[in-house]
Structures are given as C-alpha cells and as structure tokens.
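Encoded as structure tokens, the following chain is the form predicted alone, with no partner shown.
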Amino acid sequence: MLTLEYMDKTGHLTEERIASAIKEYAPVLERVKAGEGLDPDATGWLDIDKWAGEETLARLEEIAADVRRKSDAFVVIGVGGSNNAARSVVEALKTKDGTEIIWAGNTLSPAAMNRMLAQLDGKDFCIDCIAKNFETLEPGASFRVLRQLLVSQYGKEEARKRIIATGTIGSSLEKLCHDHGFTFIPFPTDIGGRYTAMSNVGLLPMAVAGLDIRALVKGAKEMRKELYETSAEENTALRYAAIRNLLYGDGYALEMLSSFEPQLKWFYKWWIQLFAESEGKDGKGLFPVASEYSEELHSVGQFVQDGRPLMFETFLDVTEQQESLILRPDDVTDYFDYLNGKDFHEVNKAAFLATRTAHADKLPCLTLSVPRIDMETFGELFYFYQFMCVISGCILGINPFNQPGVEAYKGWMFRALGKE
C-alpha cells in the first residue's frame, strides 16, 4: 500500500499544523465517501464494480483477444482523459509479446499525424475511437483519417470489423456506429474523462496490450477499502489533501511531482491533467508540474535549489528493487571505481535520497511511496489520486468535476474553422 511522509526545514509543516487541519477537514472526508454534495453525474468511479465489474472485464477481455488475433497494432484515438490512464500503464509495463499500442487523436499537427500513420506501414491494425463528447476536434479528425486508411487497406466490410468506438450512449458516435456496423462500447455516463481509468475507456487498451486488467481493478478495490475504512487521523488521502491546502494557503503556487523511475513518465501526464483540470478554476488551485529525475536535476534542479520558492515537491518513490544491473570493473581507468560492484538500483536510490535531502532545505518535500510498479500499484495510484483530488478540491471550495476553461477554447476554434 501507499505511504506518505514529509521532510521540511522551512517550518511550514509540523505535526501540530497537520493534525489540526485533518481535524478541521475530517467532515469533508465523510462527505466524499458518502458522495454528499458531489455531482452524481461525475462520481460513478467511486463504486469500482459499477464500470469494472465481472461482466465488463469479461467482455473487454473477449474484445481484446479478438483484436490481438487479427492485429499487429491497436490505434487508440483519444485526447486527455480518453488516453492518459491507459497510456501511463501501457508505456510503463508493455512487453514484447503484447500487441503494439499506437496513440492518436491527441494532436492536430500534420507532421505528428504522418509519423503516426507511418507506424502502421505493413501492419494489420484495429482502431478504437474514444470520445465522451464526439464534438472534440482532435479525435474526430483522426478517426476520419484512420477509418479511411482501414477502408483503403481492407475494403469496407473488413474495415467495419476492425473499428471500435467508445462513446456516450445516445451520442452521435453511437449513431455513427449503429449506421455503419462498428463495434460500440459505452463511455461511462457518470464519469468525466480524467476519472475513467477503471472503465471501458482505460481498460480496453491495457487488455489489448496483454496486461492484466483484473490486477489493476484489484489494486483499486484494495485502495478504496483502505480509504473508506481508515479513520480521518490515519487516512492518507485526507492527510495529503490537508498538507496540499496548508501549503497553498501559505502561498505556494505549484506542486511538482518527481520520481527517479522513467517508467512513470506517462503517469505524470495523467496526474497533471487530473489536478490541472479538476482544481484550476475560480482563480484558484495549485499548478501541477512534473520533473523526470535524474535527468532534470541538471535543469529544473537548479531552479529548485536557487530559484524563486514557488513550489513544494512530491516524490513518487518505488521502494522494492525490481531489476538489477551491476557496475563491474574493467581495465580502463575511468575514475569511477567507487562504483565497482554497486547495483544501479543502489546508485539510483542514493541519488533520490540525496536530492530529497538537498531540496528539503529549500522547500517542503513530500514522499509518496509505492512498493513496486505493476498493475495492482497502478490501480492503487489511480484510485488514491482521484479520491484525494476530490477531497482537496472540496477543501478548496471548487467543483472538482467540471472543466469550463476547456470548453472556452473550443468555441473560438470552431468559429475559426467555420462550424456553426
């Protein structure tokens, strides 16, 4: 399970302040667990079985097996919440034996689109267009291009069998699928895109990649049980939310998520969207940023140590060793003999501990620790952060489920393109 600790030599965080905040915000935890005051059209993810129960998992496994039988590649067409969760898991845990997942529908750049299409040269492929609101331009435009490519490669009848769409029941996307015989699976009616990891949206691409979606759901259920049964004083999500809001009240403007494990690169994208879109409204919110260590210690690390104190930092640490590579001596004098016999895991851990110690001199540092990177852990992380984000947003006094700012740019874009 996850654990949370902090190091802070600035004096902002003390056990007394944190305990007082937890006591003040304990009623928020109870309201979130009960769904009280929350938008019922956005909280379907709280009950994992509703959209990731046995019937759903079995059907997704069946569809995924069919896709794998006839495809070398599976193109996931979606933007933001429609692909971030799946991408974070697939890119971290994909194996050589799994079907290749290609990501589309998240850009309007012709150069990027052409590179994506080039990846399909000589491959058998299927596609899944994921769109809760099928008016979103990026997936809509990509869907057209990829449909046309399928027809040109296979003909209409076979192309039809290779097209899946995940959309809202009653939407124009469902009608399109009905009219043309494409496979349609429901986008949850009561979950916003960035909360859909444990649903058809996130689970199908993972299953096609050959990953164990049941383990992901198991991890999420274990996290839900812990968060619902733990008292306010011991509740990790409430503690984290309380600390975030204490530091926000102290004038910190950013939270930076950092890790020394490159496998988490795409998880950062999911995390950034979750908090930026959920809390960034009404002139409020911490700005979420991420830093990939140890590479960015040689860039962002300079700002952390000597720049304006805008942020606090949360390290995502993996405690167990999962792989090994020993640094062995040779006959070259390269001046790194102090590394002889050491494992890269040991070296990487030393870099993490040294960085946290150095950064804690300048800013508050949290550490969220997970035992390993696997499907169960991703399930735990998804549920934990979603649940904590709602608590934090409620403390902040905003609606953590809407995104009015996202809709604003679309109006101007549609106008520029001549859409009425």
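All residue numbers are counted from 1 along the displayed sequence. Only a predicted model underlies this, so the values are computations on that prediction, with no experimental measurement involved.
The form predicted together with a small molecule exists for this protein as well; it is not shown, and the discussion that follows is about that form.
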If we take heavy atoms and a 4.5 Å cut-off, which stretch out of 330-338, 343-351, 187-195, 247-255 is in contact with the small molecule in the predicted complex? 187-195
Picking from Val79, Ala276, Val300, Ala73, the single residue whose non-hydrogen atoms come within 4.5 angstroms of the small molecule in the predicted complex is Val79
Wondering, does Ala131 line up within 4.5 Å of the small molecule in the predicted complex on heavy atoms? yes
With the cut-off set at 4.5 Å between non-hydrogen atoms, does Lys410 touch the small molecule in the predicted complex? yes
Closest heavy atom of Thr99 to the small molecule in the predicted complex, within 4.5 Å or not? no
Does at least one non-hydrogen atom of Thr136 fall within 4.5 angstroms of the small molecule in the predicted complex? yes
